[in-house]
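First, one chain by itself: the form predicted alone, in C-alpha coordinates.
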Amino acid sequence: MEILVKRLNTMSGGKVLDVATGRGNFIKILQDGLKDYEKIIGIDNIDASILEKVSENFTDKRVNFIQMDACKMDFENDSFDIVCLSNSLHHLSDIQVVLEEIQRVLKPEGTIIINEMICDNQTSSQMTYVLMHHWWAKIDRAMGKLHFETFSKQQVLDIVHDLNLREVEVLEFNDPDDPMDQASLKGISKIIDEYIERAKPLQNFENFRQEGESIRKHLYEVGVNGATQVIVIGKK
(Lines give C-alpha, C1' and ligand atoms only; values in the text may rest on other atoms or scores of the structure.)
Protein backbone atom coordinates (compact mmCIF):
# COMPACT_ATOMS: atom_id res chain seq x y z
CA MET A 1 0.00 0.00 0.00
CA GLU A 2 3.08 2.24 -0.10
CA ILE A 3 1.98 3.84 -3.37
CA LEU A 4 -1.29 5.00 -1.77
CA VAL A 5 0.41 6.23 1.41
CA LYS A 6 2.76 8.36 -0.71
CA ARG A 7 -0.24 9.85 -2.54
CA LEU A 8 -2.04 10.50 0.75
CA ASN A 9 1.07 12.32 2.00
CA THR A 10 0.13 15.14 -0.39
CA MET A 11 -3.45 15.44 0.91
CA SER A 12 -4.99 17.28 3.85
CA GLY A 13 -7.94 15.24 4.98
CA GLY A 14 -10.31 17.65 6.68
CA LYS A 15 -13.45 15.67 7.48
CA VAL A 16 -13.05 12.10 6.21
CA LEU A 17 -15.63 9.30 5.87
CA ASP A 18 -14.70 5.63 5.47
CA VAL A 19 -17.73 3.72 4.15
CA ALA A 20 -18.14 0.02 5.01
CA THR A 21 -15.16 0.36 7.33
CA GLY A 22 -15.26 -3.15 8.78
CA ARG A 23 -12.47 -3.35 11.34
CA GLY A 24 -11.06 0.01 10.36
CA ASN A 25 -8.08 -1.28 8.40
CA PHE A 26 -8.30 1.49 5.80
CA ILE A 27 -8.58 4.13 8.50
CA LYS A 28 -5.15 3.06 9.77
CA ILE A 29 -3.79 3.69 6.26
CA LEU A 30 -5.44 7.12 6.23
CA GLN A 31 -3.90 7.96 9.60
CA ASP A 32 -0.45 6.94 8.40
CA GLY A 33 -0.76 8.69 5.05
CA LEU A 34 -2.73 11.92 5.28
CA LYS A 35 -0.78 15.11 6.00
CA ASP A 36 -3.46 16.03 8.51
CA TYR A 37 -7.17 15.59 9.20
CA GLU A 38 -9.88 17.11 11.36
CA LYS A 39 -11.84 13.91 11.94
CA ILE A 40 -12.31 10.45 10.47
CA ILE A 41 -15.63 8.62 10.75
CA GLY A 42 -15.98 4.95 9.88
CA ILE A 43 -19.46 3.60 9.19
CA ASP A 44 -20.62 0.02 8.80
CA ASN A 45 -23.85 -1.93 9.15
CA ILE A 46 -22.22 -4.66 11.25
CA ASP A 47 -23.24 -5.27 14.85
CA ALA A 48 -22.69 -2.25 17.09
CA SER A 49 -20.81 -4.38 19.62
CA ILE A 50 -18.23 -5.27 16.94
CA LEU A 51 -17.77 -1.61 16.04
CA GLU A 52 -17.34 -0.80 19.72
CA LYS A 53 -14.50 -3.31 19.94
CA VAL A 54 -12.98 -1.90 16.75
CA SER A 55 -13.01 1.60 18.23
CA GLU A 56 -10.97 0.36 21.19
CA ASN A 57 -8.04 -0.14 18.79
CA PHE A 58 -7.98 3.59 17.97
CA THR A 59 -6.72 5.97 20.64
CA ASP A 60 -7.06 9.10 18.49
CA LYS A 61 -10.23 10.87 19.68
CA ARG A 62 -10.67 12.31 16.18
CA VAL A 63 -11.54 8.80 14.92
CA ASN A 64 -15.09 7.58 15.52
CA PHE A 65 -17.17 4.61 14.42
CA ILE A 66 -20.92 4.63 13.80
CA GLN A 67 -23.30 1.80 12.93
CA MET A 68 -25.01 2.99 9.75
CA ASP A 69 -26.48 1.69 6.50
CA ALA A 70 -24.36 2.95 3.60
CA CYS A 71 -27.48 2.95 1.40
CA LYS A 72 -29.07 5.60 3.61
CA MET A 73 -26.42 7.63 5.41
CA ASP A 74 -27.47 9.83 8.30
CA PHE A 75 -25.33 12.78 7.19
CA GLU A 76 -26.21 16.14 5.66
CA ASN A 77 -25.38 16.90 2.05
CA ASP A 78 -21.82 18.13 1.44
CA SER A 79 -20.51 16.96 4.83
CA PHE A 80 -17.09 15.47 4.01
CA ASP A 81 -13.88 16.51 2.28
CA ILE A 82 -12.85 12.92 1.51
CA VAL A 83 -15.01 9.80 1.24
CA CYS A 84 -13.37 6.36 0.99
CA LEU A 85 -14.59 2.89 0.10
CA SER A 86 -11.98 0.16 0.48
CA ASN A 87 -12.36 -3.50 -0.55
CA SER A 88 -16.11 -3.28 -0.08
CA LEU A 89 -17.66 -2.97 -3.55
CA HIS A 90 -18.09 -6.74 -3.58
CA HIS A 91 -19.90 -6.62 -0.23
CA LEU A 92 -22.58 -4.09 -1.19
CA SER A 93 -26.21 -5.02 -1.79
CA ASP A 94 -26.76 -2.02 -4.11
CA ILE A 95 -23.58 -0.43 -5.43
CA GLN A 96 -25.39 2.32 -7.33
CA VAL A 97 -27.31 3.54 -4.27
CA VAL A 98 -24.16 3.58 -2.11
CA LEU A 99 -22.24 5.55 -4.74
CA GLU A 100 -25.09 8.04 -4.96
CA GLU A 101 -24.95 8.47 -1.19
CA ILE A 102 -21.19 8.96 -1.35
CA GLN A 103 -21.69 11.70 -3.93
CA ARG A 104 -24.39 13.31 -1.81
CA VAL A 105 -22.38 13.57 1.41
CA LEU A 106 -19.18 14.66 -0.35
CA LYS A 107 -18.48 18.38 -0.55
CA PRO A 108 -18.09 20.10 -3.93
CA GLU A 109 -14.46 19.67 -5.01
CA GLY A 110 -14.18 16.84 -2.46
CA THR A 111 -12.17 13.68 -3.11
CA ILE A 112 -13.37 10.11 -3.52
CA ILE A 113 -10.94 7.24 -2.90
CA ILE A 114 -12.01 3.77 -3.98
CA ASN A 115 -9.66 0.88 -3.30
CA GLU A 116 -10.69 -2.58 -4.49
CA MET A 117 -8.98 -5.93 -4.92
CA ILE A 118 -9.41 -7.34 -8.42
CA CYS A 119 -9.57 -10.87 -9.79
CA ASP A 120 -7.83 -10.63 -13.17
CA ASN A 121 -4.19 -10.39 -14.31
CA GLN A 122 -2.90 -12.12 -11.18
CA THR A 123 0.18 -14.25 -10.64
CA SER A 124 -0.29 -17.90 -9.68
CA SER A 125 0.38 -17.11 -6.02
CA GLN A 126 -2.09 -14.22 -6.12
CA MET A 127 -4.67 -16.54 -7.68
CA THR A 128 -4.47 -18.59 -4.50
CA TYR A 129 -5.90 -15.61 -2.65
CA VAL A 130 -8.48 -14.88 -5.35
CA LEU A 131 -9.71 -18.48 -5.41
CA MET A 132 -9.83 -18.58 -1.64
CA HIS A 133 -11.68 -15.27 -1.40
CA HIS A 134 -14.29 -16.39 -3.92
CA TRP A 135 -14.69 -19.66 -2.01
CA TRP A 136 -15.23 -17.71 1.21
CA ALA A 137 -17.85 -15.63 -0.59
CA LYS A 138 -19.75 -18.75 -1.70
CA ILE A 139 -19.87 -20.05 1.86
CA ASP A 140 -20.86 -16.66 3.27
CA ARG A 141 -23.70 -16.33 0.74
CA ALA A 142 -24.90 -19.84 1.56
CA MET A 143 -25.07 -18.67 5.17
CA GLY A 144 -27.10 -15.61 4.19
CA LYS A 145 -24.33 -13.00 4.26
CA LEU A 146 -23.64 -10.33 1.64
CA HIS A 147 -20.37 -11.37 0.01
CA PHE A 148 -19.78 -11.62 -3.73
CA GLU A 149 -16.88 -12.50 -6.01
CA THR A 150 -14.39 -9.69 -6.61
CA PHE A 151 -14.50 -7.69 -9.83
CA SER A 152 -12.07 -7.40 -12.73
CA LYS A 153 -10.10 -4.18 -13.07
CA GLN A 154 -12.28 -3.04 -15.97
CA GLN A 155 -15.45 -3.71 -13.99
CA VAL A 156 -14.15 -1.53 -11.16
CA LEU A 157 -13.23 1.23 -13.58
CA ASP A 158 -16.65 0.99 -15.24
CA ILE A 159 -18.36 1.32 -11.85
CA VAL A 160 -16.27 4.35 -10.94
CA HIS A 161 -16.81 5.89 -14.40
CA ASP A 162 -20.47 6.42 -13.55
CA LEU A 163 -19.42 8.83 -10.78
CA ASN A 164 -18.25 11.32 -13.46
CA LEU A 165 -15.21 12.29 -11.38
CA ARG A 166 -12.64 14.87 -12.41
CA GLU A 167 -8.83 14.61 -12.25
CA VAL A 168 -9.05 10.83 -11.99
CA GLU A 169 -5.94 8.90 -10.99
CA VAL A 170 -5.69 5.10 -11.22
CA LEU A 171 -3.01 3.35 -9.17
CA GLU A 172 -2.23 -0.31 -8.58
CA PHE A 173 -0.73 -2.09 -5.62
CA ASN A 174 0.87 -5.55 -5.61
CA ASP A 175 1.94 -7.64 -2.64
CA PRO A 176 5.76 -8.14 -2.87
CA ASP A 177 6.08 -10.59 0.03
CA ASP A 178 7.58 -14.08 -0.25
CA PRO A 179 4.71 -16.31 -1.51
CA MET A 180 6.19 -19.37 0.24
CA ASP A 181 6.58 -17.75 3.64
CA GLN A 182 5.80 -20.61 6.04
CA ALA A 183 3.92 -18.50 8.55
CA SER A 184 1.65 -17.20 5.80
CA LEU A 185 1.03 -20.69 4.43
CA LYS A 186 0.11 -22.02 7.87
CA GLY A 187 -2.10 -19.00 8.55
CA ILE A 188 -4.04 -19.41 5.30
CA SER A 189 -4.33 -23.16 5.82
CA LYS A 190 -5.81 -22.50 9.26
CA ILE A 191 -8.37 -20.13 7.75
CA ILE A 192 -9.32 -22.83 5.22
CA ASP A 193 -9.92 -25.21 8.14
CA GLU A 194 -12.08 -22.59 9.85
CA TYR A 195 -14.22 -22.10 6.77
CA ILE A 196 -14.63 -25.84 6.25
CA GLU A 197 -15.83 -26.08 9.84
CA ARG A 198 -18.18 -23.16 9.27
CA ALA A 199 -19.62 -24.86 6.18
CA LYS A 200 -20.46 -28.16 7.93
CA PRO A 201 -24.16 -27.33 8.51
CA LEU A 202 -24.67 -26.32 4.87
CA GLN A 203 -26.47 -28.51 2.35
CA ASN A 204 -23.55 -28.52 -0.12
CA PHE A 205 -20.91 -29.05 2.54
CA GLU A 206 -19.03 -31.79 0.66
CA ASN A 207 -18.65 -29.56 -2.40
CA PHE A 208 -17.40 -26.72 -0.21
CA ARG A 209 -14.96 -29.04 1.56
CA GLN A 210 -13.56 -30.40 -1.71
CA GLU A 211 -13.10 -26.89 -3.11
CA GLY A 212 -11.33 -25.85 0.07
CA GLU A 213 -8.94 -28.78 -0.14
CA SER A 214 -8.24 -28.00 -3.79
CA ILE A 215 -7.32 -24.44 -2.82
CA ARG A 216 -5.11 -25.76 -0.01
CA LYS A 217 -3.28 -27.94 -2.57
CA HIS A 218 -2.78 -24.89 -4.78
CA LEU A 219 -1.58 -22.93 -1.75
CA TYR A 220 1.24 -25.35 -0.95
CA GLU A 221 2.22 -25.74 -4.61
CA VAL A 222 2.62 -22.06 -5.54
CA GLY A 223 2.24 -20.10 -2.28
CA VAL A 224 0.09 -17.05 -1.67
CA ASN A 225 0.22 -13.31 -2.22
CA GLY A 226 -2.54 -10.77 -1.77
CA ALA A 227 -4.55 -9.90 -4.87
CA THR A 228 -3.64 -6.80 -6.86
CA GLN A 229 -5.63 -3.80 -5.71
CA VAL A 230 -6.72 -0.95 -7.96
CA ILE A 231 -6.98 2.49 -6.37
CA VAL A 232 -9.08 5.20 -8.00
CA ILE A 233 -8.82 8.79 -6.75
CA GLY A 234 -10.94 11.58 -8.20
CA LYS A 235 -12.69 14.84 -7.43
CA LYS A 236 -16.42 15.50 -7.36
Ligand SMILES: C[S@@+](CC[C@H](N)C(=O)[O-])C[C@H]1O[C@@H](n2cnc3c(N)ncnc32)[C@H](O)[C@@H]1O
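Remember, predicted model here, so these are calculated numbers, not experimental data. A residue's number is simply how far along the shown sequence it sits, counting from 1.
The same protein has a further form, the form predicted together with this ligand, not shown here; the description that follows concerns it.
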**Prompt:** Could you tell me if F26 has a non-hydrogen atom within 4.5 Å of this ligand in the predicted complex?
**Reply:** yes
**Prompt:** With the cut-off set at 4.5 Å between non-hydrogen atoms, does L92 touch this ligand in the predicted complex?
**Reply:** yes
**Partner proximity in the predicted complex: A70 to this ligand, non-hydrogen atom cutoff 4.5 Å** = yes
**Request:** Consider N87 of the chain shown here, and say whether it contacts this ligand in the predicted complex, taking contact as heavy atoms within 4.5 Å.
**Result:** yes
**Asked** Among 103-111, 123-131, 155-163, 79-87, which stretch has residues with heavy atoms no more than 4.5 Å from this ligand in the predicted complex?
**Response** 79-87
**Fill in**
With the partner omitted here, the residue among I188, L34, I46, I41 that in the predicted complex has a heavy atom within 4.5 Å of this ligand is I46
**Fill in**
Residue within 4.5 Å of this ligand in the predicted complex by heavy atom, from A227, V16, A20, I215, is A20
